[in-house]
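The chain below stands alone and is given as structure tokens, in the form predicted on its own.
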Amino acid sequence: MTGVGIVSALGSNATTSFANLLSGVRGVSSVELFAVEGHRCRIAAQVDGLDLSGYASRCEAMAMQAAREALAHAGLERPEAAAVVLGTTTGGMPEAETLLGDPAWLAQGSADVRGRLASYPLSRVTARLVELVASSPARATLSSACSSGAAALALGASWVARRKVPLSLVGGADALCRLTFAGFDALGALDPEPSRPFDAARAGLNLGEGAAFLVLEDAEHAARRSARILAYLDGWALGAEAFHITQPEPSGETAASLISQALAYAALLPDDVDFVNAHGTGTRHNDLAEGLALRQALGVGCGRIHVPSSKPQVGHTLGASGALEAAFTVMCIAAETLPPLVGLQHPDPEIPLRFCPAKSASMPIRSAISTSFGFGGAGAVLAFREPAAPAPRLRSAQRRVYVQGFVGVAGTTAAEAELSAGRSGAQVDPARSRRFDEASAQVALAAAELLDSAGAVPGQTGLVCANAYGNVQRSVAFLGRLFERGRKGVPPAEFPHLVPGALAGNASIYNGLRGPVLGCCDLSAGGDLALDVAAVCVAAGTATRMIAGAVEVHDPIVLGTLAPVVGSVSPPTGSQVGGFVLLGSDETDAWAEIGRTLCAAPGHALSLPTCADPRRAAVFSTAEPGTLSAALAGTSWQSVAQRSAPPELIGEAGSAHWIGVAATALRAGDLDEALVVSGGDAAVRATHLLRVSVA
């Protein structure tokens, strides 16, 4: 870790934010960004003085500011090649709310209004961040609720460890918005007073906003340019509880397992850990479950290890929280200083941990961990080590990754018979899916069919599901009730299903998936991105198997307002398209092998492997003809037969289905190689597949 950038309620940069953190300053005040009359809670941690000029959204402005600071801190004006990974949950939601809350635009929205709404997918912030580096051969937008920022660090570190890139610019960003504020308030999760994590009288959390970015480098790369190392990130773990969409697993068993996995990855023992930057939300059940998890994972060491939480000072910044807390952890290690735990007066006797006092203190820190847990039970744990320690020897052995199954999702209007491959016509269990929308049901069913066909163990399997906007129609209805009837008019149980990561979370709970469970976004290249992220997890041994893909269902708002602007064709009414593949490291009965996953800017050629025999290969594309032509220019794939997707596959789920179709052709022996090419948000992606017998 060689650079840190922060924008928070404590300051507009890392230095000010960290100084105020150590001084015990609270950034919580009365909400001024939007009306909160009628709410039980009326306070939050807001970022003051933010310059929004030149940015499409508040989230984008904070992310760009923090990312620029991180690069400058690392002494990197414009890196030649760097991965860019963002964790977020709201993206441009605050700006979209000004449109979604007004039903008039639905009937007579101008092209300008449609264009503004179309500019708010989660991936748009990442597309802007990529402008800060000369080349980005790997990029991702992740959404796993409150663990998004920490998951971004884990993915960025994995790409560096795999030598895919020499460095990564990784972080999280989220802005306060009406939807999340009203949703958390309706759930009774917000404390109307400043929050008190781990206190016996704790009554909930305070929401916040902000952004944090870090520069992660290969140790040799950092040494060659004489960069100052702030800390090492040498261990991480991702996983899901598969328990409940909002409530944590009471035993803390899964969270404890993730802590142990992260320490084992880093070759650390509990005795090596000096402090834990806890998730520490301040809600009754979350704090208790986390306390139990720390006791299980760290044992008797809990009486020695210091435990703070920064959320009483910067608020719960949702998708940014994991990155923000990681940044504070790195700065504490570099400064040899323990942060305070503000607001704790009467520690809960059911959580016997050694909490930090209300004032910071000087202390050398050998290693520390940071924990993050979110809706749907998605968790992430990061393990850090002091810069004086020897550079960690990250796992270099990478497992080969195979497609082990495919389930296609298609409605009755599909232009090709292959679009319905693998579907059994099963229905979700109504008792376990009462609040599922059509997309959640399709993801849950696809995962169930893949697990059943492969005889896979759910507890060792994870899921990555692409989704660009969340459920737009459902969010509009939620906001409509909020604006018409006030906070008391919104249904509490509806809110958790509106976040983009809900598709993966619901499917995880339905099927008992306990591996890494993540949402991701890259518009029409979402399927390629989902496969890329899932393949990293399998190759690194983070999961035994991963399910990856996307589903796109009919949404009249997307169809009527977004499609004309972004060029996406949504499926007709009553239809849905998509596809999911099962990935694993076992060659037995494999359909195809994942060769390489690639990414470049539109108009640029991809760094493709040489095609062995163009007569035995095919290119499957959802990209625009011009984008595809530029991506293949000057490569051996120019002369390979091309197959363009039918209209039903143009959309965020198109590339996901095309990957499965290509794997099916390889399994049948019709091809030896296949290339799936898709166009994303300011990106072109490609997935190279090989027939197993010739891989």
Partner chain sequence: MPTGSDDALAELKRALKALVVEELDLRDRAAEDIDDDAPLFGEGLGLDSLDALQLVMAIEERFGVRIPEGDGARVAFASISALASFVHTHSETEA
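Numbering follows the first chain given and starts at 1. Since we're looking at a predicted model, the values are computed, not measured.
Keep in mind the form predicted in complex with its partner chain is missing from the figure; the text below concerns it.
> When its partner chain is placed as it is in the predicted complex, which of 434 to 442, 232 to 240, 138 to 146, 169 to 177 ends up with heavy atoms within 4.5 Å of it?
Replying inline: Only one stretch qualifies here: 434 to 442.
>> If the cut-off is 4.5 angstroms on heavy atoms, which of these, 481, 596, 164, 306, is the one near its partner chain in the predicted complex?
In response: Spelling it out, the residue with a heavy atom inside the cut-off is 481.
> What is the one choice in 363, 81, 493, 477 with a heavy atom within 4.5 Å of its partner chain in the predicted complex?
Replying inline: In short, 493.
>> Within 4.5 Å of its partner chain in the predicted complex - does that hold for a heavy atom of every one of 186, 244 and 485?
In response: Result yes, every residue of the spot touches its partner chain.
> Closest heavy atom of residue 430 to its partner chain in the predicted complex, within 4.5 Å or not?
Replying inline: Heavy-atom contact with its partner chain at 4.5 Å: present for residue 430.
> So in the predicted complex, does residue 603 come within 4.5 Å of its partner chain, heavy atom to heavy atom?
Replying inline: No, residue 603 is distant from the partner.
> Given that the partner is absent here, does residue 489 sit within 4.5 Å of its partner chain in the predicted complex, heavy atoms only?
Replying inline: Because a heavy atom of residue 489 falls inside 4.5 Å of its partner chain in the predicted complex, the answer is yes.
> Is residue 40 a contact residue for its partner chain in the predicted complex, using a 4.5 Å heavy atom cut-off?
Replying inline: Looking in the predicted complex, residue contacts with its partner chain include residue 40, since a heavy atom lies within 4.5 Å.
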